[in-house]
Ligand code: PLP
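One chain follows as structure tokens, the form predicted alone.
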């Protein structure tokens, strides 16, 4: 089945439960014992194996092309459970210098308290990685498309480097989605998502997902079971429903983002535009080689800096000034005040996240209406 068909049909119960076309919500925390011999196999909502979870796991695994998948209560629940299942005291992580703020905080504040260290590297320069790997390096962690600077690192080289050294490669595929890129097909061991974003696509739940080889996902599940980060049945239902329209949503958002990026790049009040779909982007060749689309996320800077950004925000009528991304509403924000506010200012500057950087998550509105709105807001 092609991806559009998988989105609709993969993981659905056959035959349908009581002939219901739509997967029902199993609002039950507890299920009758059915002979399970392992604690983690007993059907119980905290163990992430209700009928709603099972259907979602199968659908996401089919989308990513992996043996198994798992949903969690948030993207950070998925990421933290994944890393804690792979790492112990004394272990070491290689990570791209430019990760989402929550992941950066986990790696720099929480894991060191457990005796786990991390070295941040430029994941676009494979020749530099060997100098930072150690005999205790267990994980190489990157993002498919970074947030908010939409960089595309040397993905194939990351997977190859990790495989050759027996390191587990973990990639956050939130921004690209399995519509544009499926990391497992390129050699990555584990794929994580903030399913809050594009997978659900409606700005109405918080959820996470993990996909990969069966033994690795099983270990993540056991850790998640212990930490208690299960997704409730109603959120499962909403994520299940949102997934069915993922392909049509993402393709519109990619096309709209490309047109908006082109418009902004030509505007005299715009100092810089970051979008890998533009030929001038330093990672455009990688995006063309690996991705079906360059994504619905872009960032840009105005010549007037943060003050000009705030003035534009007040004049815009369609984009909402709010964090998060991937929903039907176009959202706009300054990462320095939201997603990356927790990073020290010097680290933000080193990564290129200026106070005036604007992140734009393109929604499902008419592209021309959005362009007209920016034209008016920019004077």
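Numbering follows the first chain given and starts at 1. Bear in mind the structure is a predicted one, so any value in this text is a computation, not a measurement.
In what follows, reference is made to the form predicted in complex with this ligand, a form of this protein that is not presented.
Colleague: In terms of non-hydrogen atoms within 4.5 angstroms, which of the given stretches 116 to 124, 277 to 285, 76 to 84, 181 to 189 touches this ligand in the predicted complex?
Modeller: Looking at the partner contacts, the answer comes out as 76 to 84.
Colleague: Of 140, 129, 100, 291, which one comes within 4.5 Å of this ligand in the predicted complex, counting heavy atoms only?
Modeller: So the residue touching this ligand in the predicted complex, by this definition, is 100.
Colleague: Which listed residue (256, 147, 200, 169) meets the criterion of a heavy atom within 4.5 Å of this ligand in the predicted complex?
Modeller: Of 256, 147, 200, 169, the residue with a heavy atom within 4.5 Å of this ligand in the predicted complex is 147.
Colleague: Does the 4.5 Å heavy atom contact test between residue 196 and this ligand in the predicted complex come out positive?
Modeller: It does: once this ligand is placed as it appears in the predicted complex, residue 196 has a heavy atom within 4.5 Å of it.
Colleague: How about residue 325: is it within 4.5 Å of this ligand in the predicted complex, going by heavy atoms?
Modeller: The answer is yes: residue 325 has a heavy atom within 4.5 Å of this ligand.
Colleague: Flag residue 174 as yes or no: does it have a non-hydrogen atom within 4.5 angstroms of any non-hydrogen atom of this ligand in the predicted complex?
Modeller: Looking in the predicted complex, residue contacts with this ligand include residue 174, since a heavy atom lies within 4.5 Å.
Colleague: Decide whether residue 207 counts as a contact residue for this ligand in the predicted complex under a heavy atom distance cut-off of 4.5 Å.
Modeller: Yes - in the predicted complex, heavy atoms of residue 207 and this ligand come within 4.5 Å of each other.
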